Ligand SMILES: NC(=O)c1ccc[n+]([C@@H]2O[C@H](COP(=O)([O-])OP(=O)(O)OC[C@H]3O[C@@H](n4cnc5c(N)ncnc54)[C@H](O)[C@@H]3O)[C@@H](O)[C@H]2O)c1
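Next up: a single chain in structure tokens, the form predicted alone.
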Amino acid sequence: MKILITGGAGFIGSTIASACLDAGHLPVVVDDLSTGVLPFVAGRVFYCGDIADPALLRRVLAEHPDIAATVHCAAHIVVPESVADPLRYYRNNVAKTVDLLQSLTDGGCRRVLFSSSASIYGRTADFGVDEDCPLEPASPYARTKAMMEQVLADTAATGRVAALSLRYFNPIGADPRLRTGLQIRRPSHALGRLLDAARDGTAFTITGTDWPTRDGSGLRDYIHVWDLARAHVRALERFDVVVPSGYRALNVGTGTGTTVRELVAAFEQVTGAGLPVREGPPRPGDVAGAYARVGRAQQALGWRAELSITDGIRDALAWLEVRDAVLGAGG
């Protein structure tokens, strides 16, 4: 099966592409390299360009008329950045995705697998969310994901596409074979900042300590990126069974909530070293968090998360050791 992957030179998209290859499927990558990197598409079918460029998409679909489905990962993803520059996020994540969807439907490519986000959910009493929970996106980034889910649902209602959104939570780790990993040198998410703090010998800042969680720090569902990639492959392989027509959304997570303080403890357990911690205010757009109720994904996809938080930390640390060799000193 041939799969178009937008954003396939980035962390998540490239890992999905690797999982596709391992499962015997051929990824065709479109990425503008705004955050993605060339080493992640080495030896792969790759088109450098904008997903909103209809001429590029016509070329891709003409040269690969046997593309069976599209995995749409291309997006800006930094919550505080979306608060500071919402127009950039609405332009990139919504307007350009609408243009992409137009090109796909014009080209007869009707299966769309959308990388959505758990950030679209509102808070529940126990922080667990299923697919029926109210959507209350709290940042421009989250609102772009919710908007695109609605666009996909409305388009699917016309019969022009069948669309599946995977609402995933907080990816950590790296490809266990270390082909790809997090390419951004100063990431904003918790594990990335933990890695930076350990490497630089600085304190790790817990951003927000007054959340209504068991220890006051934010709570997340940290899923290993390889489990996430496997879920995408299973969704592609079972697409016509899971979504024969119309639109559907599924949660993809571990089913377990972990607080930031617990993540720090797991990091210290893996590294065998203590880490100085300080407390700070929440970042713009931060929320208390949530964890996935994943029964529907397990039933529909025949999939469940298999790797632990400590696996994710170990793989992230292993990736850090080889990152410069894979990306080059300027990567």
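Just so it is clear, the model here is predicted, and its values are computed rather than measured. Note that residue numbering follows the sequence shown and begins at 1.
Note that the form predicted together with the named molecule isn't included here; everything after this is about it.
Among the residues S139, S117, T258, T254, the one placing a heavy atom within 4.5 Å of the named molecule in the model of the complex is S117. In summary, among the residues R234, R248, R111, K145, the only one with a non-hydrogen atom within 4.5 Å of the named molecule in the model of the complex is K145. Among heavy atoms of I77, some come within 4.5 Å of the named molecule in the model of the complex. In the model of the complex, E268 stays away from the named molecule, with no heavy atom inside 4.5 Å. Not displayed here, the named molecule is approached by S34 to within 4.5 Å at the level of heavy atoms in the model of the complex. Within this chain, A9 lines the site of the named molecule in the model of the complex, having a heavy atom no more than 4.5 Å away. Contact with the named molecule in the model of the complex, judged as any non-hydrogen atom within 4.5 angstroms, is confined among 125-133, 203-211, 167-175, 240-248 to 167-175. Heavy atoms closer than or equal to 4.5 Å to the named molecule in the model of the complex belong, across 92-111, to the residues N92, K96, ordered by sequence position.
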